[in-house]
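Listed next as structure tokens is one chain, alone, in the form predicted alone.
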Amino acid sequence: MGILRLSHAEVRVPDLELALAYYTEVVGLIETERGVGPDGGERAYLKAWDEHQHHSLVLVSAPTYGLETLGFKVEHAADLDELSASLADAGLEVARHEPGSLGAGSGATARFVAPSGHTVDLVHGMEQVGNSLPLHNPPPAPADLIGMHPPRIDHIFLLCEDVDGVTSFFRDVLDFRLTEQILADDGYQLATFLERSHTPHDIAFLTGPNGGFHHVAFWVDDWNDLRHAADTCAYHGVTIDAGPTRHGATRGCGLYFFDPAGNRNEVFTGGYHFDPDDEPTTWTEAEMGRAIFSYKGQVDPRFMTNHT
């Protein structure tokens, strides 16, 4: 019971048509609908090809770029009540929303602002639209995929001032499990990786300004898909931020690049299975470079910048 995985992210883009072309033709997501949000602003809804739910990415027309909200899928409707009560006990205000009231396809939602300054939705019952494959004797994938065509959303990476505090909040209140951490020499957490789906991370936090947005990541199946994603970036003139590379933390492989608005994306693969009784892995400050970029052993300071 409780939170299953990352459900979706809403990102702001000044040019909705340009962003939509990028996410459909370069990343290879599928547009499911256009509409307006509760604020009356124009939105476009997209999903990865192997996702059944209505959307995993929402493009929000706005003057700035950055993260608007992020959402987690919960297993049962009753989980919203239990988690809302836990949030209220922790002193947070929770707003409840009926299905459809937060935009096209939206499910019943409990919305709150985390101690990190990020707006978070807990969602049950998002509209299901299918994955474009038949339920009987399906092929491995649809025949008309384009771009990078990741099968699903994977994780989100955020920035905040108090990584220790927000990590404790996600563990104690929302029952996330800590898989890895990077500790400063003074013992404070510089970065943490937390999961609910038995993967290395569904969400991660890095020291930075509250409300900061580093990247949203989509899963690909193997290293060859990362190479294909890099080829796709080169073909379309998309600047690669980092990779393809290997991470020490999570033991995954990734490629980073930016959408036309400046929002950082990643395609990610690899990692490991994490059980609830596993102990977290700790990296020291001196080895932070190897934790983030295993091959180089160092991090370009630009990669640590906030995107809001």
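Just count from 1 along the sequence shown to find any residue number. All values derive from a computational prediction rather than experimental measurement.
The next section is about a form of this same protein that is not shown, the form predicted together with a further copy of the same chain.
You can rule out all but one of 106-114, 158-166, 229-237, 90-98: in the predicted bound form, only 229-237 has residues with a heavy atom within 4.5 Å of a further copy of the same chain.
For the candidate spot formed by R171, V173 and V299, no residue has a non-hydrogen atom within 4.5 angstroms of a further copy of the same chain in the predicted bound form.
The closest non-hydrogen atom of R251 lies within 4.5 Å of a further copy of the same chain in the predicted bound form.
Using a 4.5 angstroms limit between non-hydrogen atoms, P280 touches a further copy of the same chain in the predicted bound form. A residue is said to contact a partner when one of its heavy atoms sits within 4.5 Å of a partner heavy atom; E42 fails this definition for a further copy of the same chain in the predicted bound form, lying far away. Although the partner is absent here, N131 lies within 4.5 Å of a further copy of the same chain in the predicted bound form, judged by heavy atoms. The single contact residue among G28, G37, G66, P244, judged by any heavy atom lying within 4.5 Å of a further copy of the same chain in the predicted bound form, is P244. Residues of 68-93 placing a heavy atom within 4.5 Å of a further copy of the same chain in the predicted bound form, in sequence order: K73, E75.
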